[in-house]
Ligand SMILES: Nc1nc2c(ncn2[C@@H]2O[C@H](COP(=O)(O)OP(=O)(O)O)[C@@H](O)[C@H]2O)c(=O)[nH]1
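Okay, here we've got a single chain as structure tokens, the form predicted on its own, with questions on binding and movement later.
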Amino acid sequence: MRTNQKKKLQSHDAGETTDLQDSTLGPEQQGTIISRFGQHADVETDGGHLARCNIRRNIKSLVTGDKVIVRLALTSESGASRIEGIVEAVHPRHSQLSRPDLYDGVKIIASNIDQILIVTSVKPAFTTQIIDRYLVAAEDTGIQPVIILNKVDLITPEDAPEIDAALERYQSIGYQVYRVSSITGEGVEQLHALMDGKVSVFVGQSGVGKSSMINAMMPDAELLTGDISQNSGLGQHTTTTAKLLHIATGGDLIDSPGVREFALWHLPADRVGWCFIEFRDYLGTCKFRDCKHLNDPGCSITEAFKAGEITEDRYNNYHRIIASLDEQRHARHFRAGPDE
């Protein structure tokens, strides 16, 4: 089946038309998956037409952002939920975003993403531990991560020095950091420039304001927003299905369901270390090959930390992640749900 799908792609790239002996379908067209619903998908053709389509059984994986070959029906039936065509084949992905899934192992969420925008905020709480978990996940995918601090209008004079210092530490090791308020509009223009010409995805815990930020940038998106629960301090989940949205000022955004706690149990410890980018120059230079980078003699990571080359925050967060891996692998338990 995969061979047939590959042949379809090759023949289409060569300008040929595959004859499926189906007189009800028109010629093959290029398209993009806007959203996936079970055995159906909403596909936008290069001509700008949006059609709900069936998916060929030989296609084993199809997610929002995929570039596909689609054939539309020559005549369409009336009705808002009518099926207008068939997704024939999927082009190779240049990137894909995945997360651990309790039942499916590592589950692909979306594809062909250029950058991951890691959203944090001062409410419900600002914590570098969560930022570093998302950075590890982003580095593992090979997709460029960018840190977004939302709700900057809520920063108090007491909290400002600690937050400023933390963000400066990320900038010092090469990460882009943006400050945004969807209430005042601060930083929104800079985000538009950042996202122009790229496919982006927002990730972050519930309550950090991802949906409100999208609404500030794209008023026509009409996404639901959720206030932080007064009782628990956790955001109310509202987004339910991954969808690709076009930004009027340029670029695309994939609004995707997220996870409250970003589990990393599928990553081996050495991969987690590599995903801390400032560790890379020291990895492989420790005295012992099975070095845990903690109290081991001759540990290059620990020596770099003591010399001030690695910050205390990042060093401690690395060990917190490593300590959580065995527990997560054993339980295979993480809280997953629709995004805010």
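Numbering starts at 1 and follows the sequence shown. Keep in mind that this is a model prediction, so the values were computed, not measured.
Keep in mind that the form predicted in complex with this ligand is not shown, yet the notes after this line are about it.
| task | Look at the stretches 67-75, 200-208, 82-90, 169-177 and give the one with heavy atoms within 4.5 Å of this ligand in the predicted complex. | result | Among the listed stretches, the partner-contacting one is 200-208.
| Given that the partner is absent here, does S98 sit within 4.5 Å of this ligand in the predicted complex, heavy atoms only? | So S98 does not count as contacting this ligand.
| field | Non-hydrogen atom contact A248 with this ligand in the predicted complex at 4.5 angstroms | value | No - in the predicted complex, heavy atoms of A248 and this ligand never come within 4.5 Å of each other.
| How about D159: is it within 4.5 Å of this ligand in the predicted complex, going by heavy atoms? | D159: no, not in contact with this ligand in the predicted complex.
| task | Indicate whether E189 is a 4.5 Å heavy atom neighbour of this ligand in the predicted complex. | result | E189: no contact with this ligand in the predicted complex.
| field | in the predicted complex, the residue from V106, A165, A193, I183 that sits within 4.5 Å of this ligand by heavy atoms | value | By the 4.5 Å criterion, the partner-contacting residue is I183.
| said: Using a 4.5 Å heavy atom cut-off, which residue among T128, S212, T141, Q115 comes into contact with this ligand in the predicted complex? | reply: After the contact test, the surviving option is S212.
| Does any residue in 275-303 get within 4.5 Å of this ligand in the predicted complex, counting heavy atoms only, and if so which ones? | The stretch 275-303, when checked against this ligand in the predicted complex, contributes no residue at the 4.5 Å heavy-atom cut-off.
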